[in-house]
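Okay, here we've got a single chain as structure tokens, the form predicted on its own, with questions on binding and movement later.
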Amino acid sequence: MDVLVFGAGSLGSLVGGLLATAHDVTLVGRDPHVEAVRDDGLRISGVETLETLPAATTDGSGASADLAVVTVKAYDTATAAHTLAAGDIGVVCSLQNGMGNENVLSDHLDAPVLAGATTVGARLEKPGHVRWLGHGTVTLGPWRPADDVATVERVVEAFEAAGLDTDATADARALLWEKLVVNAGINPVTALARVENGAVAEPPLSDLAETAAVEAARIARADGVSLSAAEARAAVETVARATARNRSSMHRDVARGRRTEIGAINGYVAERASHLDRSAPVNRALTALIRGWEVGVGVGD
């Protein structure tokens, strides 16, 4: 299978590097990482150590691929969609944070769109080298009801052929809400407190993280997804403990002075709450705090 990984940062590089053990893969990313991969290949260390030789480019325009795996930041999804729409793509699979990405991709592309969630952990150590922090799983499902289930199964098989533990789901919206609830609890709290994920499993941060997650689960229920408060609390604690030594993506963005994905995570919860005539004061407050930091350092909208 010809695979294009659009957004070769930490996760995209790891997934692309693993897929390259079984498929023809092209990474789309930025220099100096792309240049290093072109020159010397991609080194993966951590859970396993291996070297792969995916193609790499900084320009994904006009690309042709059986599968495009989108791993860009949520605020770059529209740009990625425009670029992919100008090429020839068979199937598009989002492995991104937050909600709304699949709608953007669907609006621009005629190809089937798959929603995905993964617990695979990755960190870009230096150009050309990504660390695999934890095996994790990948779950994929069709975003549009009309999309063929066989398409999902074909992509699941492609991931499994590369050694990625992958499953299919028929309810992609529930999958993304479940991931969103966890991210809403962990990401902004770790970013604001500048702590590793494990800190939100213990007081004093556990109360805030769980409150944000429970509030997000309440909005999910109003949006038609069955997700209880108890499930939300348990999910945040489980993920926080399982990834205790990791820094969340939002924490890493804040530490590097970069724009965050707050709008697609807690911001989405707050906006969806307003649309459903509900309130989400904790998620709204966390969104305002992160956006206030972004404006203060000059990386906001």
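Numbering starts at 1 and follows the sequence shown. Treat the numbers as computed from the prediction; the structure is a model and nothing was measured.
The same protein has a further form, the form predicted in complex with a small molecule, not shown here; the description that follows concerns it.
Interface membership of N101, defined by any non-hydrogen atom within 4.5 Å of the small molecule in the model of the complex, is ruled out. At a distance threshold of 4.5 angstroms between non-hydrogen atoms, S94 is out of contact with the small molecule in the model of the complex. Heavy atoms of I186 reach within 4.5 Å of the small molecule in the model of the complex, making it an interface residue.
Taking the partner from elsewhere, T77 is found to have every heavy atom lying beyond 4.5 Å of the small molecule in the model of the complex. Contact with the small molecule in the model of the complex, judged by any heavy atom within 4.5 Å, is made by just one of V239, I44, A63, A273: V239.
Only one listed stretch (55-63, 23-31, 245-253, 36-44) carries heavy atoms within 4.5 Å of the small molecule in the model of the complex, and that stretch is 245-253.
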